[in-house]
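Take a look at this one chain, the form predicted on its own, written out in structure tokens.
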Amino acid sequence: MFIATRVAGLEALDEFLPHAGSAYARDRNHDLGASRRAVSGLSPYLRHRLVTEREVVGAVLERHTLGAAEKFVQEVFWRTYWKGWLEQNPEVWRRYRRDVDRVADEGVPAGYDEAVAGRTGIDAMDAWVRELVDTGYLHNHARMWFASIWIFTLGLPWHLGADFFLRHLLDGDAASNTLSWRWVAGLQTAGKTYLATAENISRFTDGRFSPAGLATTARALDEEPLPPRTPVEPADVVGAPRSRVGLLLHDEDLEPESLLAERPGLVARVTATAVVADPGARSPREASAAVVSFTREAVDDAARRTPDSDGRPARTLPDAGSDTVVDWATSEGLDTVLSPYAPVGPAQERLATVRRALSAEGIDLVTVRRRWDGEAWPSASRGFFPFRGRIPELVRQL
């Protein structure tokens, strides 16, 4: 259903543009099944930055006023907000990873295997499991219903549901996925939960589902207090490139042209290019075949679009290991590896390991953060509503 190329993402954007105004605001909460007529379907492209947030919002606002397209623009900024919030609260990600790793060692609780196999006996849940596994996608409203039923009706740990999503969603990223599940569970906004009801599900699926036996109450989960937030670092470029620079793309950001256009002084120094990804790092239980395939296709597409100084396509590295990156850098005679900044999540963890390995060989790793993130993330220090109030200003700036 989703073709993992930049061209396909731009075509999907162009097809959606007429519907990004009042039609989206009216219909966006309706899950009509596989047709997905009410939503854009752009999230897998935004997640890998095959298409950027700036491009999407810019194209929409060439066609509609901000007032008319407010709901859609806010949805794009939700992903930015989640990333900025997690960037300032990385302990949330670390705790989630520890909890998932612990289950991998100790075994899953009763009811988990039936749930992920689509055998709960709740027709909507079982259908959503099949849709997720088959397509790598679920409507956002269905994701909320799914998470609520998982936590409050089935009584399963939220982090295992989040892990199931992250392994199967083509658009799954550390921030949006983890924090959305926490919001349903009453952790993200402390004490505020989301309760799925048969009436709401029936209304917004046009009567396709009306599940019986759902929980009628949703008691918020609790957790140990989080440490004080870490403000977003002000520097957009961490480190200073030297003479022979190699560009290393990763699956968090596969659109180098606009990234480097923000830093034109860096372009001339790039003599070699490579692309790397590790979708399996999403979970100790491994990513789905659909996620792996989409990511590999996206990486191959980025490699074709990113020639080096001699016009050669970027090298697609066979794996994301530090030794592999070091071998590429040394074979190209590099003294600096330039890479898009990776937000909190598996890619950031991987780059930290790569940085140490490169440093041992006398090679610097320099990361570049997009202006979109640098401008927006500091405003994600509290809830979304204060952040939402800044969206018109951010749109003007960006």
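The first residue of the shown sequence is 1; numbering continues from there. Remember, it's a predicted structure, so these values are computed and weren't measured experimentally.
Keep in mind that the form predicted in complex with a small molecule is missing from the display, and what follows is about it.
- Checking Arg305, Arg97, Arg143, Arg315 against the small molecule in the predicted complex, a heavy atom within 4.5 Å turns up for just one residue: Arg143.
- Interface residue among Val366, Ala69, Leu42, Ala342, judged by heavy atoms within 4.5 Å of the small molecule in the predicted complex: Leu42.
- Although the partner is absent here, Phe387 lies well away from the small molecule in the predicted complex, with no heavy atom inside 4.5 Å.
- Mapping the unseen interface onto this chain, Leu169 counts among the residues with a heavy atom inside 4.5 Å of the small molecule in the predicted complex.
- Taking non-hydrogen atoms only, Asp173 approaches the small molecule to within 4.5 angstroms in the predicted complex.
- Put simply, Glu286 is far from the small molecule in the predicted complex: not one heavy atom of it is within 4.5 Å.
- With the partner omitted here, the stretch from 197 to 205, 255 to 263, 101 to 109, 144 to 152 that lies within 4.5 Å of the small molecule by heavy atoms in the predicted complex is 144 to 152.
- Looking at the small molecule in the predicted complex, residues Val76, Asn177 and Trp181 each place a heavy atom within 4.5 Å of it.
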